[in-house]
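A single chain, nothing else alongside it, follows as structure tokens in the form predicted on its own.
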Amino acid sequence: MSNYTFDQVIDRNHTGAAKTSAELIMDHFNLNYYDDTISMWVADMDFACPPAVIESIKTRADKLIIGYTKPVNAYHDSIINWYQRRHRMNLQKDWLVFSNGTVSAIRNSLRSFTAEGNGVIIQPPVYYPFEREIQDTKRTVLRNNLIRDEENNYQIDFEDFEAKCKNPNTKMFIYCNPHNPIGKIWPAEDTAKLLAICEAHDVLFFADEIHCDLIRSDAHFESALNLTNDKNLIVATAVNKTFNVAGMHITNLVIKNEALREQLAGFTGSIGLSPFAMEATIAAYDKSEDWVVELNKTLDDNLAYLDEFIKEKLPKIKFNKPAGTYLTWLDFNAYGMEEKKLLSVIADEAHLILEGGSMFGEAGTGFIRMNISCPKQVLVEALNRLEKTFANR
């Protein structure tokens, strides 16, 4: 029996939550939001944060003064011990560089290590802020599109990747492992091959590994940090996704190369850590590991239910269970609907807010990303609505 509550439905309306903001949803997606709408889009969970994290924030508030904060040793130790314990990563305190979120870290890295016009490789369909940040900083997007077979299994196009790295104008690669949105955990040999290619051509390797704790019971994740060719490597770690504290924007970059750390600091200057972020991190990593174990069991159960439901009641949708993350990549191409129409039907008839695959690149056309990190009864209701909506289509 679980020691935690993963079946509690929490009302997020009127909290400023982006996930349930009718105004934001209309502005971003031009979709209607109803009183009974279920939001299953943005990547934060509908589960209560770990009790230890909530208690740590309350305890810190009781100190009565919320001033400038210097991270205590327990903060760095909690990170180092977690990644050693969970992923066999041997970190050192000096390698840890705090950032206010992973997207900010990517933007700062682009500006620190590349120049306007330089090429930056991404692997669509992939987390859409990668491309947005490259474009916003006036760098050049280089798309090493993933290769997809008829069963929606994805592989890396290494020949194309190396060709892009050989171009002297290519300066950086943004890797996503576990991959968002397809949920694949890349094999260590794939990561090692990419690292070797990048090092051979002096391309900075930025590894977004922030979903690495959210993996299936039969899956294995290997960090790029555990492999060779790490001279030009930056690894992004975060409590944000694992412990559902994304709104606190806590990312810790791991940078072994001192010259890279100094170059990044020369651009960003000093970035302060809030006292609540510090306490939440310590409580998460030191006191909430059993919560993560229970969370992954819950996600396994939700994904098993989704898989069976689609096979039995929505067989036109192609779905492969993700090895990592709590995000699902659903292929709606068999319905032959243009994406805008598809999302509108889902929003207005099923009263669900989901994300269109084209947000993640042209390679995502016809796909939907759905976040299943919610109580089981919410997932059941959402799927029943989808079945009713698409029964005769």
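Just so you know, these numbers come straight off a predicted model, no measurement behind them. Throughout, we count residues from 1 along the sequence that is shown.
Not pictured, yet referred to below: the form predicted in complex with a small molecule.
Enquirer: Pick from 258-266, 240-248, 195-203, 301-309: which stretch has non-hydrogen atoms within 4.5 Å of the small molecule in the predicted complex?
Expert: The contacting stretch here is 240-248.
Enquirer: Considering only heavy atoms, tell me if Ile282 and the small molecule come within 4.5 Å of each other in the predicted complex.
Expert: No, Ile282 sits far enough from the small molecule in the predicted complex that none of its heavy atoms falls within 4.5 Å.
Enquirer: Is Val141 near the small molecule? Define near as a heavy atom within 4.5 Å, in the predicted complex.
Expert: Close contact is absent here: in the predicted complex, Val141 is far from the small molecule, nothing within 4.5 Å, heavy atoms only.
Enquirer: Answer with yes or no whether Gln123 is in contact with the small molecule in the predicted complex, where contact means some heavy atom within 4.5 Å.
Expert: Looking in the predicted complex, residue contacts with the small molecule do not include Gln123, since no heavy atom lies within 4.5 Å.
Enquirer: Looking in the predicted complex, any heavy atom of Glu133 within 4.5 Å of the small molecule?
Expert: Heavy-atom contact with the small molecule at 4.5 Å: absent for Glu133.
Enquirer: Though the small molecule is not shown, can you say which of Val103, Met278, Leu314, Leu91 has a heavy atom within 4.5 Å of it in the predicted complex?
Expert: Selected option: Val103.
Enquirer: In the predicted complex, which of the listed residues (Cys49, Ala43, Leu342, Met359) lies with a heavy atom within 4.5 Å of the small molecule?
Expert: Of the candidates Cys49, Ala43, Leu342, Met359, Ala43 is the one lying within 4.5 Å of the small molecule in the predicted complex.
Enquirer: Report whether all of Tyr83, Arg86 and Glu222 sit within 4.5 Å of the small molecule in the predicted complex, measuring from non-hydrogen atoms.
Expert: No, the whole trio is out of contact, none within 4.5 Å by any heavy atom.
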